[in-house]
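Okay, here we've got a single chain as structure tokens, the form predicted on its own, with questions on binding and movement later.
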């Protein structure tokens, strides 16, 4: 490796580390307005298809008022058992989800499935430990979550406060998914599909075969601006493949509890393409990361909530990836 190559590699790694740190900090920043907590008589989860229930998290940053409830969570009820898909951003949110399940069925909760490692999707796992389910995730999730565990716990506790944080801890997968896997809930088959690096390097799609419902986790954002913690090129490729795969409905990681497919993919795919195209033009003209952060993707500002909280770090992460092409 030449001296120039070495310096470029060091610069690229520094940008990636900075972007990752910014993403973690942004997940837990306080002070941004958040949606009001639903009225006590409002259901925590709604039935979006027969036996399929989804909860819509707040479109917000972590703060004490929302207790880490900023992402979607779901569950599927079979003849014999229940599968949970994502559990929210704290043990307290997970407990609300557990109560919602018990308001529907007393069947055993056999599987808790995480679509990826981000804390707003996995920190509710602790509320399900007593059920002794299999904790299911992409085979790379345990490594990624373990590496970030100390940081995730520290900033989560600070952001939502000790009371809301109580009982929250890292619960690692016990059933890793390396290739397509099927789980039987009793006359109901759940299909798990691990993905190549996209939103993260441990994205997992869950499909309910009976209703044609696909749980895409943070491969699909709506309302909430996307957050890049993997590969922008990989994310575009995964979305293109998924868009050609039929589904009756999809559950995004952030946004409405149910969306039509493939139309739901169009806004996020457009956002990803805008960033990619504009960064490539700047790189061709030997422009800098500072230039990119100032101008790339600004046409998308009014299309997404929390744009100012996440967009700049998306540009930073994408720039670090694309300048190495």
Partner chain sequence: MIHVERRSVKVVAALAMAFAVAAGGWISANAADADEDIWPALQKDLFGDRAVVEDPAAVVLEAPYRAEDAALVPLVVRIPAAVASSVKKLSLVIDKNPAPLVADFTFGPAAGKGERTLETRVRVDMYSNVRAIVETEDGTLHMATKFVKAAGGCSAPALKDTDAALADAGKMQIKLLADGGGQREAQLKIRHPQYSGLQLNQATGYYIPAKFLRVIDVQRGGDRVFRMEGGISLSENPNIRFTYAGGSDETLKVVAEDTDGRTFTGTAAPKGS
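Just so it is clear, the structure is predicted and the values come from calculations on it, not from any experiment. Positions refer to the first chain, counted from 1.
Below, we turn to the form predicted in complex with the partner chain, even though it does not appear here.
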property	result
Interface stretch in the model of the complex with the partner chain - options 45 to 53, 271 to 279, 288 to 296, 63 to 71, non-hydrogen atom within 4.5 Å	288 to 296
Partner proximity in the model of the complex: residue 140 to the partner chain, non-hydrogen atom cutoff 4.5 Å	yes
4.5 angstroms heavy atom contact with the partner chain in the model of the complex for residue 99	no
Any non-hydrogen atom of residue 229 within 4.5 angstroms of the partner chain in the model of the complex	yes
Heavy atom of residue 148 within 4.5 Å of the partner chain in the model of the complex	yes
Among the candidates 240, 158, 223, 80, the residue which, in the model of the complex, approaches the partner chain to within 4.5 Å (heavy atoms)	158
Within 4.5 Å of the partner chain in the model of the complex, all of 122, 125 and 129 (non-hydrogen atom)	no
Within 4.5 Å of the partner chain in the model of the complex: residues from 286 to 325 (heavy atom criterion)	286, 287, 288, 289, 290, 293, 308, 309, 312, 313, 316, 317, 319, 320, 323, 324
